[in-house]
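Given as structure tokens, the chain that follows is alone and in the form predicted alone.
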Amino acid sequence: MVTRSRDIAVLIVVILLIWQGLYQFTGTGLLTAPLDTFARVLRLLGTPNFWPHLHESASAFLRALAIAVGAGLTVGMALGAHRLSGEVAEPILVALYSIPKVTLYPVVLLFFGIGMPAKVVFGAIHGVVPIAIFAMNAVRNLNPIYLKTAQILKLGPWATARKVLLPATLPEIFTGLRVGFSLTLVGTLLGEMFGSQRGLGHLLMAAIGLYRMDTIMAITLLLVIFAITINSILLVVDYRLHRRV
């Protein structure tokens, strides 16, 4: 634990030094200095008008993540349980995963308009497919002995899912959830950038339009800190789940 903490501290120092070096090389036209960026973050957090935008982004992201997780797990486990359906659906899901989601945004705006629903749907679209693919493969690759044991014990469908399927497939499913988390966050922010009047994505686009580099760097830093923190926690849990298998 001490060694890992020291490695993380060294990594942070190296990143800050590289950041400062790039700032010295490029000047204020492309970057802001690390200390100036952190100071701008504190000023933003101390501005009352900033918090409604933060709340809007958090609310949209959590709703999108809930939809992506619920729909992804339902579709993925259903397809994984029926092998023929899974074999037919897998190339379709992979093709959908490879499509640039920005091309679907006009359709999302057409059906949901500008506002919270469009952001939520666009974020969920990004996350649902990888979650479904990981869940499907987790069920398909399940050791048949587990299901035979459940049949011997005369477990019902719900008991089998709760006591056999979920524990056995959880490590692989959790990996899909970790990937889905990151993509849902990206999708939600993109939705705010191109079709919203509130949220961090909207603030980021407004700062780009006004060429407010300090605000751009501050919002980006906030998003990076949030994404790295949550992903680090999820990665630790993911590692422990796979180690237990």
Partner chain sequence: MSRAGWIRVSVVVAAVAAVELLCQGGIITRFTMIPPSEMVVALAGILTSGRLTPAIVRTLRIVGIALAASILVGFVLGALLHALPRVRRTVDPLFATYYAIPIYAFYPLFIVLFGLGDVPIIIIGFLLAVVAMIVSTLNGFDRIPRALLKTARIYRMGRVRTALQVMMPCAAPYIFTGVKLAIAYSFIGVIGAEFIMSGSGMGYEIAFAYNNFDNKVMYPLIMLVLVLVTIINMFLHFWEMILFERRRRG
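Numbering follows the first chain given and starts at 1. No experiment lies behind these values; they were computed from the predicted model shown.
FYI, the form predicted together with the partner chain isn't displayed, but the following is about it.
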Every residue of L30, S98 and M213 near the partner chain in the model of the complex, heavy atom within 4.5 Å:
yes
Does V75 make contact with the partner chain in the model of the complex, using a 4.5 Å heavy atom cut-off?
no
Though only this chain appears here, would S232 touch the partner chain in the model of the complex if you measure heavy atom gaps against 4.5 Å?
yes
Whether I208 contacts the partner chain in the model of the complex should be assessed with a 4.5 Å heavy atom distance threshold; does it?
yes
In the model of the complex, Q197 touching the partner chain (heavy atom, 4.5 Å):
no
Based on heavy atom distances of at most 4.5 Å to the partner chain in the model of the complex, which listed stretch, 216 to 224, 33 to 41, 53 to 61, 66 to 74, is the contact stretch?
216 to 224
Taking the partner chain in the model of the complex and a 4.5 Å non-hydrogen atom cutoff, the residues of 99 to 124 making contact are I99, P100, V102, T103, L104, Y105, P106, V107, L109, L110, F111, I114
